[in-house]
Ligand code: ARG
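The chain that follows stands alone, in the form predicted alone, written as structure tokens.
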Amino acid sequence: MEMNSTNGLAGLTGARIALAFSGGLDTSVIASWLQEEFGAEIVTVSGDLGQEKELNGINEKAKQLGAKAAYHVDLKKQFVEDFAFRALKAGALYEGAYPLATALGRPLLAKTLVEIARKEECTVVAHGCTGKGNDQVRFDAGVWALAPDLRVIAPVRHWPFKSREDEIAYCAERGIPVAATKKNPYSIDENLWGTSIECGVLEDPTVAPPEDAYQRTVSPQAAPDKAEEVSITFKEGVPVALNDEKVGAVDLVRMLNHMAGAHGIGRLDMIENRLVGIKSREIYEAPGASLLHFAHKELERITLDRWTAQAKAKLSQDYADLVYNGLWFSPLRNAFDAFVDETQKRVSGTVVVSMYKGTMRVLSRTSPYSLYDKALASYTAEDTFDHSAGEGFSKIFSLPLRTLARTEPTRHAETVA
């Protein structure tokens, strides 16, 4: 039965809809429900961003749900090279911590959704985001930036289900297989750059995350008792080799995920500010991304001059906010990338990192563009710094403070008295 216009889903009867389909609880229900409720034709679009389990048999599941066509697109290389590594070069960590794995995947999925919607002559695209999450804006803004004529719907914002438990019951009634259960209610989004875990007991910020919530990292307490070293080589800000062996982008991230994850690295438990204005408790795992961000920053410390480093630190937060807020396809991001790319021309070299029970420690930094000059920094007989220049420099640098002190109102009051 057609629902009324106040719910945002009016006019969908018989529509051909391209659905961003993960195979999880929400999108499985959406695929079935849109057909039941509106007689819609569903074309599923599943982007492979490096999920390790979620996409197994995804097209078969879509067909079982009644999809007219099902697409499973390998996006791993494009995702890492054109999205994740751009954010890495920018040093983009949302609120200083989150490597933006889910946020970086959404614009690429939106782009792919638009491309297949055009191919399949769909007039509507759909996604499984909620009305209070960030992803709804990332999908909506991403699609409309590329195809403003397409209609974008998010059934979760309007349908009658009040909880994930209602959705689980819907699936049980219709024999729809889903991983979520009442005993394991986590909502998990995974790609090569990281994993986000929500729902269930995690909604209580006073409760520590249960171990079964984590997907790709071991507990630091259970990590090996011996540290492991890894050498990461960068070329213009992009990682290109591990332990002196060249590795492709996808394999490099995958290898670091396993290496760092085995040492309990990359677990984040955040209370973050969502785009819609609420605070939420988010659990993230990003072993490879955390290690790469750490190593990249250490290489920048010896290759970027002070003024560029300070300016880039400010831009890094703005870049992270832009990605988090769904503005990837914007002129501002292109402008940010131009600045970042210029700064990264010097960021080549190798960083050696020690991984041990959830911690990272830098052991070595080398670069042909290093600005570290031992002869200038040394306090030994090798010292070439002109100490006599320090007196004049110090006087000039502190001149404003001396001027302020001489003109302090309290000083004049004492003189008058």
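Note that residue numbering begins at 1 and tracks the sequence as displayed. Please read these numbers as outputs of a predicted model, since none were measured by experiment.
Omitted from view is the form predicted in complex with arginine (ARG), to which the following refers.
So in the predicted bound form, does D135 come within 4.5 Å of arginine (ARG), heavy atom to heavy atom?
Yes.
So, in the predicted bound form, is L291 in contact with arginine (ARG) at a 4.5 angstroms heavy atom limit?
Heavy-atom contact with arginine (ARG) at 4.5 Å: absent for L291.
Heavy atom of A103 within 4.5 Å of arginine (ARG) in the predicted bound form:
Residue-level check for A103: yes, a contact with arginine (ARG).
Does E298 reach arginine (ARG) in the predicted bound form, with heavy atoms at most 4.5 Å apart?
Answer no; every heavy atom of E298 is more than 4.5 Å from arginine (ARG) in the predicted bound form.
Heavy atom distance at most 4.5 Å to arginine (ARG) in the predicted bound form, all of E95, D318 and W328
No: none of E95, D318 and W328 comes within 4.5 Å of arginine (ARG) in the predicted bound form.
Name the single residue among A141, I197, L322, L304 that comes within 4.5 Å of arginine (ARG) in the predicted bound form, judging by heavy atoms.
After the contact test, the surviving option is I197.
In the predicted bound form, the residue from T308, T130, S187, N243 that sits within 4.5 Å of arginine (ARG) by heavy atoms:
The option sitting close enough to the partner is S187.
Where, among 278-286, 244-252, 219-227, 151-159, do residues come within 4.5 Å of arginine (ARG) in the predicted bound form by heavy atom distance?
Within 4.5 Å of the partner lies stretch 278-286.
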